[in-house]
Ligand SMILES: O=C(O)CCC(=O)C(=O)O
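Quick heads-up: it's one chain on its own, the form predicted alone, in structure tokens.
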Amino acid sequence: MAQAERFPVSQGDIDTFWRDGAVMLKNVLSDQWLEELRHGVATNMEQPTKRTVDWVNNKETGERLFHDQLTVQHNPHFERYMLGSPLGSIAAQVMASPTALAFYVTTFVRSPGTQSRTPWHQDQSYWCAEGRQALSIWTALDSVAAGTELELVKGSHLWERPLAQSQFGESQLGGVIDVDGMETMPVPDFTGADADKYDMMRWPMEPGDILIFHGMTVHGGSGALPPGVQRRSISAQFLGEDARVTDRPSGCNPDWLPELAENGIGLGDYPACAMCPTITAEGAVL
């Protein structure tokens, strides 16, 4: 049985995650794992998957926002990261789940000086998986200076209604998906008229730090990178043992339903399979 690294998470950090919807941990990833991620991002950009999208690709300004979504089988560097680093153990501990299911990885690469903001959204409202044990672990390969941080809305994972789903295409950036019959709340003006109504969480970070946030925590990127500064970030999505496969009225993004079906996983099932391995809180890879 393979064994991943284990990183003990304090009860205080676990409590903060469940209360606020996010917690940041310092110095979790070693230089070995940062180098693995550098190779993973480079390989991903050289060999993009069918799910690759440039949210922004402005030929005049050179601004580009590359985005891809991969399972562990898509990229050997990300597979080693998901199944060998401390992330699986951390996810299981934080979710209070015996195991953490390695759902998929998301890559974001912002070209130097990119100014386009990531729209406010909740990750899990797009996923083909439901359940309260769900989180993303975000890290960056470049320093995250004050004013350029990922921003998260404190306590938003506890809201009774999900936020309306945002559009991410360049021509639609910031718009919302109109889905009949979905009980959603409008996207507030978090940085304008409604700013005083919400508490924002943001952390300057260095490579090796990780940001853990619930699948339903509302977040968005500042997008305001200084000239000459790029942002390579990787978000690892994990599910706990209460997760079940679902479909969405608006469709799933990423839509893993066909691939899960090929692995014998259907609607209502727990999605553990060769496509989505699991790691115990002690680090054993199942």
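Keep in mind that what you see is a predicted model, and the values were worked out from it rather than measured. Numbering starts at 1 and follows the sequence shown.
What follows is about the form predicted together with the ligand, which we do not show.
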The unique member of H121, H74, R202, H77 whose heavy atoms fall within 4.5 Å of the ligand in the predicted complex: H121
The ligand: the contacting residue among Q69, S235, N253, N44 in the predicted complex [heavy atom, 4.5 Å]: S235
Contact test in the predicted complex: F190 vs the ligand, heavy atoms, 4.5 Å: no
F213, heavy atom within 4.5 angstroms of the ligand in the predicted complex: yes
Contact of R110 with the ligand in the predicted complex (heavy atom, 4.5 Å): yes
4.5 Å heavy atom contact, F103 to the ligand in the predicted complex: no
Among 56-64, 218-226, 32-40, 245-253, the region lying within 4.5 Å of the ligand in the predicted complex by heavy atom distance: 218-226
Heavy atom contacts to the ligand in the predicted complex at 4.5 Å, residues of 130-161 in sequence order: W138, L150
